[in-house]
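A lone chain, given as structure tokens: the form predicted alone.
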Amino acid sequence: MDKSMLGDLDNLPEADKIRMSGMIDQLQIRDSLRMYNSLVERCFSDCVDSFKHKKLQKQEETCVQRCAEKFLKHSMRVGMRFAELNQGAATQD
């Protein structure tokens, strides 16, 4: 967990800080799993056309790979932009 997230919690007792840290960790794990599940569902729906073979066909595999790359690049860009906005908001205070 990013320790800077606990910066505003300095006034809390140590036990509460530990509890909050655990809750933040759980939320981050949940969000990561949601993102992964969304990626899998979206790319599978967009790319897999039939179930005639046990393995993905070449075009399906290529589609899934491109889909995953786009999804991850987009997610990283959104995260970077969000961080930029947060940093700008913090400097205005």
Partner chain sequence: MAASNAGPSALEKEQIFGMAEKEMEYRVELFNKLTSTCFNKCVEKKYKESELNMGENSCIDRCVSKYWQVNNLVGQLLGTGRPPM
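Residue numbers count along the first chain shown, from 1. Since we're looking at a predicted model, the values are computed, not measured.
Unshown form predicted in complex with the partner chain; subsequent notes refer to it.
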| said: I'd like to know whether T91 contacts the partner chain in the predicted bound form, with contact meaning heavy atoms within 4.5 angstroms. | reply: no
I'd like to check something about D10: if you look in the predicted bound form, is any of its heavy atoms closer than or equal to 4.5 Å to a heavy atom of the partner chain? no
Taking the partner chain in the predicted bound form and a 4.5 Å non-hydrogen atom cutoff, the residues of 32-46 making contact are L33, R34, Y36, N37, S38, L39, V40, E41, R42, F44, S45, D46
